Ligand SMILES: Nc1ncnc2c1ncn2[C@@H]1O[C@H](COP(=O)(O)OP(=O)(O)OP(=O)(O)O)[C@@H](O)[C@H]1O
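One chain comes next, on its own, written as structure tokens: the form predicted alone.
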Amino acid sequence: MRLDHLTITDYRNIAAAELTPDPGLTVLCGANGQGKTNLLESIWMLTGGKSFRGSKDAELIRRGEAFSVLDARFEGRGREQTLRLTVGGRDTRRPGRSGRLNGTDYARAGAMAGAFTAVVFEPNHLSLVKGGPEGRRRFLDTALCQLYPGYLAALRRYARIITQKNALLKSYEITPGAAQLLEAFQTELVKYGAQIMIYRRGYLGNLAPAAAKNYEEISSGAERLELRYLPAASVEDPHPADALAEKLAAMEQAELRAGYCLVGPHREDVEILINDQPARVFGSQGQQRSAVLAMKLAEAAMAGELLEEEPVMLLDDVLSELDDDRQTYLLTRIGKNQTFVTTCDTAAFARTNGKIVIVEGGRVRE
């Protein structure tokens, strides 16, 4: 996977810019607040995913403008492709993210997931270890949506049913035919929830040993990383849908009392252990950072194997948070990928063959 050219119009603080990246390393350099991360984020948006900073679509549009537009030319699947991503404001005819891939229009940008693939590594990813289960589920979902179009469809359907079921549980006593409605929702949740669980189990089954190997190398064999999937119901059962159905049935009365869903993939977690201890509680800052680095590199390696081409790597100001040994390890491991790095200081890259791009006040100078 290689991004050859990107044209940006009215994206965050960038009014207009063009970027022709290096096939290997491109260093986005500038002072804080100038737009480096905005530029990096615009590349990520080509994956069809949401902002890795958790921003709403409307926040991606330059203030005072109705639309933001990204036009990209990239090499993927052995051929040159084109992609246009448009983000419309709330009051426009087409709000939110839509796109055009190789001349075909898509009402939802997410439908283009898998065409352009990337892995992003940024300082807030430390919350993968330190934060709550939502961030770890998002890590899995983001990777799986790029790899398997069927996963994105199941995830969206599941989320819609959860919203409907929660609304029903809150007004159960005053809703005509509530019992029949609840039964219908449970059936749909089992169908799509089991699909999500099977995808997550399979992905983690491959990611965990790869991440463990990376961590062993980072720590020079002194420490051990383990990732454990904590599913909503047993996925080792030959019929995981039956296991989820049993769990939902067992929790039905508790859910009626609580007024919201208590069971399902939306409440799953991944336990991260270092030397058999929860990294969130007992891991040092360096250990937690190393765990995230090991997981993200494993994510990139898996994407490369499954798609048979390396994803683009996006590194947002992460080198400044790593010591010299970890910086060397990271830069050595990403050698096969086209890589974009943001930094305030190009000194660390002075002897590389990468391309330096200056970002200042939302303007891009190559």
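Here the structure is a predicted model, which is why all the values come from computation and not from measurement. Sequential numbering from 1, following the sequence displayed.
The same protein also exists as the form predicted in complex with the named molecule; that form is not shown, yet it is the one meant from here on.
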Original post:
Picking from 51-59, 325-333, 293-301, 306-314, which part of the chain touches the named molecule in the model of the complex when contact means heavy atoms within 4.5 Å?
Top reply: 51-59
Original post:
Using 4.5 Å between non-hydrogen atoms, is residue 344 touching the named molecule in the model of the complex?
Top reply: yes
**OP:** Mark residue 9 yes when one of its heavy atoms lies within 4.5 Å of a heavy atom of the named molecule in the model of the complex, and no otherwise.
**Re:** no
Original post:
Would residue 38 sit within 4.5 Å of the named molecule in the model of the complex, counting heavy atoms only?
Top reply: yes
**OP:** Could you confirm whether residue 339 comes within 4.5 Å of the named molecule in the model of the complex, counting heavy atoms only?
**Re:** no
**OP:** Would you mind checking 1-37 for residues with a heavy atom within 4.5 Å of the named molecule in the model of the complex?
**Re:** 12, 13, 31, 32, 33, 34, 35, 36, 37
Subject >> Residue pair residue 218, residue 316 - Cα distance in the model of the complex, closer or farther (3 Å or more) >> reply: closer
Subject >> Direction of the Cα shift between residue 159 and residue 60 in the model of the complex, where the change is 3 Å or more >> reply: farther
